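Given as structure tokens, the chain that follows is alone and in the form predicted on its own.
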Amino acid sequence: MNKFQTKINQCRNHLLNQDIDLGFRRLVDCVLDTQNLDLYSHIIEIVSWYDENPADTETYLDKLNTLITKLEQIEIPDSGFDQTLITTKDLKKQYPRSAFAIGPIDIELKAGEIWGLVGENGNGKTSLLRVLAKDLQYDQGEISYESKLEKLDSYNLRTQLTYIPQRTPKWYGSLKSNLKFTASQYGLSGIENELTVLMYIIRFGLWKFRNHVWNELSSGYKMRFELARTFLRKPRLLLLDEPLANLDVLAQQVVLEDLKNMSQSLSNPLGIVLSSQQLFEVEKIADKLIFLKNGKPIYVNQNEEKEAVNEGSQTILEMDLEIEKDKLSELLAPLSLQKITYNGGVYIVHIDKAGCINEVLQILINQQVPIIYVRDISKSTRRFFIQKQHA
């Protein structure tokens, strides 16, 4: 079964399990994969109908499943994945009049991958994104792009290396008219322009705001607009600076899941690098992570770490408990407890044994210790922040 058929099956399963919002977004992705204007029209008609009949969920699901049946008759080959989009070697950015420098950085980003860029403020995340986007010059090392990008002139190359800053510029007119203008700049005209713009309006949850102007949108929806405008350009590399900063927790999860799914587009698989302070959320969807500490990278390969068997390694737990430190140390001592520190109102517990969170929880439960919050950060970049604070 190829990727397209797998995606269609996922849509159907989400709808069957009443996870309608996610199933719908996945379905829109499948329709975008086809690049078929008739199917664009079909889903736009469904959205228009449901907007006027929001209580008729049963008919809405019937319409979505009818569209899925149509999609099952289409074959789209898997292509474009695992192609290296950008490679950096010993990349370094030195700041004049300062000892601070970023790098050396080594990156090999492939189509369909997401790299998370994390670290405390002032450690060079934004500067690195701008170097990759060719907004800033670097001082040492090399950057190379896939052969198609290498052949482009400077202007067209930068349209394929899209950088979205945390604070986006103000625009005028309606949201839809701005997106139609962007689409026209990239060769879409007539009915193709109209339908494609409406598809991305739908995809990023902007349907009810399509006729709104800048001042009528929240910061979160302005970011969604920027993403819609960017995807209309069909970039190969998307560089996002703190895209979650102005979103609530639920919106953060939705946007990250959307980015993950859209990086896997069959019509235009792309690579994404995003910086964020939301460590745990980014770690859920990133294939690889770079933790910048004083401008220097610490690399975390998510896929390898998730698959590795880490016998003999540590368990590091972040816990908010109603218990004295001495008593907690006494309870956990039999588990080869290494140390306990107190950080920002929570305990950081280091144990010289891998994967023992269940044993820790069982001890706490048996002793009726009130548990407010527990998280295993053994493989999280959160542990690098803590190491700095307690170094």
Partner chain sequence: MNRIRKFDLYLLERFPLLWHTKICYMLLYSVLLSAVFYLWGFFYTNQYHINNRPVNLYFSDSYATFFLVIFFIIGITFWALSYFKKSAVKNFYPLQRFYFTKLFLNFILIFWSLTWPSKTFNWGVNQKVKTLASLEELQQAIKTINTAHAFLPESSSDYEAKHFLATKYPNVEWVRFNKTDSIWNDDGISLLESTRNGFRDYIPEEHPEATNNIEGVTIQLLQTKKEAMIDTCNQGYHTVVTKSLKYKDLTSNKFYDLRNYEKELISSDHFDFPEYDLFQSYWAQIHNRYGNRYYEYYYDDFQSVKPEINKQVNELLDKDSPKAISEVVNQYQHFLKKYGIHHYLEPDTILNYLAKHPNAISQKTIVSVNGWGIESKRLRRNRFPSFEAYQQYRNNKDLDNDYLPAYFVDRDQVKQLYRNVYDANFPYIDWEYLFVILIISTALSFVFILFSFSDLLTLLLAIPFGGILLVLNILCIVFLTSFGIHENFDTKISIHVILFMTLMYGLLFWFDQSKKVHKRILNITFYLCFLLTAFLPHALLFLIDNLFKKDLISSCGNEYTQHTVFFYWLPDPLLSLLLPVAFMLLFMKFIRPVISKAD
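All values reported here derive from a predicted model rather than from experimental measurement. Positions refer to the first chain, counted from 1.
FYI, the form predicted together with its partner chain isn't displayed, but the following is about it.
- Residue heavy atoms within 4.5 Å of its partner chain in the model of the complex occur in exactly one stretch of 234 to 242, 202 to 210, 135 to 143, 254 to 262, and that stretch is 135 to 143.
- Shown without its partner, this chain lists Asn268, Thr84, Asn246, Asn193 as candidates; in the model of the complex, only Asn193 has a non-hydrogen atom within 4.5 angstroms of its partner chain.
- For the options Gln314, Ser177, Ser127, Asn294, the one in contact with its partner chain in the model of the complex, meaning a heavy atom within 4.5 Å, is Ser177.
- Looking at its partner chain in the model of the complex, residues Tyr155, Thr159 and Arg229 each place a heavy atom within 4.5 Å of it.
- Proximity of Leu188 to its partner chain in the model of the complex falls within the 4.5 Å heavy atom cutoff.
- Its partner chain in the model of the complex is not approached by Gln277, whose heavy atoms all lie more than 4.5 angstroms from it.
- Residue contact check for Phe181: one or more of its heavy atoms lie within 4.5 Å of its partner chain in the model of the complex.
- Not displayed here, its partner chain is kept clear of Tyr299 by more than 4.5 Å at the level of heavy atoms in the model of the complex.
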